[in-house]
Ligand code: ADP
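For reference, the chain that follows is the form predicted alone, supplied as structure tokens.
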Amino acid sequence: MTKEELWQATLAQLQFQISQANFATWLKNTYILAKKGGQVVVSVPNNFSKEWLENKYNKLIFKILRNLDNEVREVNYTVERQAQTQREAASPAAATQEAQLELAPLSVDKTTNLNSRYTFDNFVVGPFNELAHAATQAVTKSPGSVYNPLFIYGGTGLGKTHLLQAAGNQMGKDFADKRVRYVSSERFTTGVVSAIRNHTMDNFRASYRDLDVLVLDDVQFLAGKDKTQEELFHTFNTLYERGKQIVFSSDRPPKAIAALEERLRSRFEGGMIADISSPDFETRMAIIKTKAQEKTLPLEDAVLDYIASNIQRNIRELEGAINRLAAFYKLNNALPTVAEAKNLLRSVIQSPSKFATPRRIVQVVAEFYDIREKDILAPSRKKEIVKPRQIAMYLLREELKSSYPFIGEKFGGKDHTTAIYACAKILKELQDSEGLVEEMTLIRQRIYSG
């Protein structure tokens, strides 16, 4: 395997294991400059990227390289701005071959923050997302007039960001005079902090309140950030009063977002709320075929069936599986067989039982309700602790078939009758509360996503 092929295979796996934004930020324009005596030297575009890869991703990169080539003993990073230009000048043919191996770049508009590859045309619609898709399309046809705000929620990797960005791209295309901006809640928060520090809050407010369309992703991360919530509240009011379109996404419905101001929660709930659940088998097959066609990857039906049958809860994992098989195809100039696909995807496809453990359940429930794990396990009687504890007990019983004495012992040595009561109480609430059913679905998705 040449050093170019080695790095391409590494990038293919990295793209599956880290977010697209981080991939584009830290791994774009990187390549292996030299490989000798077990040492791999990776060229990076600047010192900031060098420091980030060394401190954040070095262990992951080394592990992937080592799995691909067991001779690799060390990975180093260097800033080598001129090397690419020199290689292209010296060998145009090699440059062309390397360009063919490159992963498709992320084309992000600096003004709108929208990625042009997210469109409605390449969004696969199925029973699990058709309401969210229909509502989003309705919004793009008449921004600010229907479903304002639009709030879309669902588990990780189910296509919320794709749908939001497709809406932004469509509105930018159909209404060229409208100012559209897509932003993550993390970036919005960073903007608030920076504006406070630099005394530029008026400029920050103007940059958002002059928009015609605001698309804000992952609003669950605003929980507990009071100043950011205050700024969003006033920005929301300004835009809404002017008839501007606002679109939100979250990994849970508004009422399940902990540490969220009630006045902001009521704004989220004031428009249209649509959920995205896990795709069924037929939809997963359609998604896989679409992704494979995009990469000109004519996989045999048995391979497609294997992927669709074993990756059930996360569209991003489906795309990652296709990326991994596409890398194999490029490197070997041959389509993977079912046996080869199983081997390539063995780290992706695991038994659900490996994910659902008592510790994993407690961890996910604590994260979902924004409390500490030790508080769930402690004998606290606070209302905000009791319900998550009972849900965790119920999940241990339902998902792992744990005995009531085991569950009681797990939660601070409680009597088994406490576990029986908790499970019965949650079971009854699930029959009466649609909201709790939604929360439980999202919690299960997190548990089994690994």
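The first residue of the shown sequence is 1; numbering continues from there. On a predicted model such as this, the values are computed, not experimentally measured, just so you know.
We do not show the form predicted together with the ligand, though everything after this point is about it.
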(message) Please tell me whether the candidate spot formed by 3, 8 and 42 is one where all three residues come within 4.5 Å of the ligand in the predicted bound form (heavy atoms).
(response) no
(request) Spell out, yes or no, whether the shortest heavy atom distance between residue 162 and the ligand in the predicted bound form is within 4.5 Å. (result) yes
(message) Does any part of residue 319 reach within 4.5 Å of the ligand in the predicted bound form? Heavy atoms only, please.
(response) yes
(message) With the partner left out here, check for me: in the predicted bound form, does some heavy atom of residue 257 sit within 4.5 Å of the ligand?
(response) no
(request) Find out whether any non-hydrogen atom of residue 268 is located within 4.5 angstroms of the ligand in the predicted bound form, and reply yes or no. (result) no
(request) Tell me the stretch among 361 to 369, 71 to 79, 233 to 241, 310 to 318 that has any heavy atom within 4.5 angstroms of the ligand in the predicted bound form. (result) 310 to 318
(request) Just give me the single entry in 179, 187, 117, 295 that has a non-hydrogen atom within 4.5 angstroms of the ligand in the predicted bound form. (result) 117
(request) Identify which of 253, 157, 191, 144 has a heavy atom within 4.5 Å of the ligand in the predicted bound form; exactly one of them does. (result) 157
